[in-house]
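The chain below stands alone and is given in structure tokens; this is the form predicted alone.
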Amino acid sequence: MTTFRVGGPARYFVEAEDEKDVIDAVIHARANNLRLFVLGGGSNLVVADEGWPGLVLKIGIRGIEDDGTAQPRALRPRSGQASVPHGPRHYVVGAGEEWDAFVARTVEDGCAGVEALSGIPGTVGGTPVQNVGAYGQEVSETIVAVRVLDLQNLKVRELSNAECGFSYRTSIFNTTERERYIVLHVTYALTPGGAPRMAYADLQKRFANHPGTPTLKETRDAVRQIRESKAMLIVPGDDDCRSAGSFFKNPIVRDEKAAEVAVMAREQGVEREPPRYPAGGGQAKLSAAWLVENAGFPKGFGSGRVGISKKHTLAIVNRGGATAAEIAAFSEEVRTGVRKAWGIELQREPVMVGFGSIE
């Protein structure tokens, strides 16, 4: 059930195919005093070797509605009003839909807005939780509404983009309101005939000699190729793919701290200074990959069953037969090394399930 291929069993397991199934599962868990864990595509999880002692609820709600009529209720025209003939195309997508298949659909429809997020494993329901982003795009740019089950009162409601509290790799779903909501459907507003996003350096390099603007399909294909070259694409038989993708978030620090790291790098004779990007409010985003690599953890680092991907510094991989405990311990070794080398505390991206204090 996870891309890491580690973790123990669930005591009880149910796959919900519609909203009623979700509500019934929650009621059953509460009636039987079972701890509840909501599972999506399993691409951003490390499950403890002991497994989950309660009920695992896998969200399997499928379906994609589009073409304007799929606008969330708050955006639909009132009776007697005409729909706006131009503008965004709305997609209402079940939380259990495979994310990359949905992206492929939007590209085929000629709608821009998520093409740079091609190749990301997992399901649609997980995208608003972490404000999934890559190659210059984030889902918060196109999410209009998130339909959720509110576990405080077992009512289904729709949250607007603003109510989701999106910021870098975060939302209310994994911070202030963690474990309050279960995502059921997500509505995206995409741009018919829009140009692809070319903010990422590797993409710009890939299309440097391209005549004219690349198509959405060309952009999607290029993103998937770049991801595959970095072991960020699930390819059967590739040992580097037994991972949760990027294990650490790019840290956001004060500008003064970013400058301090740059000075330290020069003093240590590091060939390339840490990449930094403005993050607003006197802050900068640093490259976690640079920090890890220059703390003594290069690509391919490690021996035994857990290590760093040979293709991507931020990916911790299960080389075969690893345990969840070994992955957690190795990740802590990397975090400690970065802290000692650069004075920066890296935050994990995957959800740690069943690990107690480090969850």
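Please read all numbers here as calculations on a predicted model, not as lab measurements. Residue numbers here begin at 1 and follow the sequence given.
In what follows, reference is made to the form predicted in complex with a small molecule, a form of this protein that is not presented.
Considering the small molecule in the model of the complex, find the one stretch among 289-297, 31-39, 319-327, 49-57 with heavy atoms no farther than 4.5 Å from it. Stretch with heavy atoms near the partner: 289-297.
Let me know the one among K230, R197, R89, R224 whose heavy atoms come within 4.5 Å of the small molecule in the model of the complex, would you? Looking at K230, R197, R89, R224 one by one, just K230 meets the 4.5 Å heavy-atom criterion.
Of the options R242, R169, R206, K257, which one has a non-hydrogen atom that comes within 4.5 Å of the small molecule in the model of the complex? So the residue touching the small molecule in the model of the complex, by this definition, is R169.
Contact flag, E349 vs the small molecule in the model of the complex, heavy atom cut 4.5 Å: Residue-level check for E349: yes, a contact with the small molecule.
Contact with the small molecule in the model of the complex for L45, defined as at least one heavy atom pair within 4.5 Å: yes or no? The answer is no: L45 has no heavy atom within 4.5 Å of the small molecule.
At 4.5 Å between heavy atoms, is G133 in contact with the small molecule in the model of the complex? Judged by the heavy-atom cut-off of 4.5 Å, G133 is in contact with the small molecule in the model of the complex.
Any of the heavy atoms of D202 lying within 4.5 Å of the small molecule in the model of the complex? Residue-level check for D202: yes, a contact with the small molecule.
Taking N250, Y277 and L314 together, does each of them reach the small molecule in the model of the complex with some heavy atom inside 4.5 Å? Affirmative, all three are within 4.5 Å.
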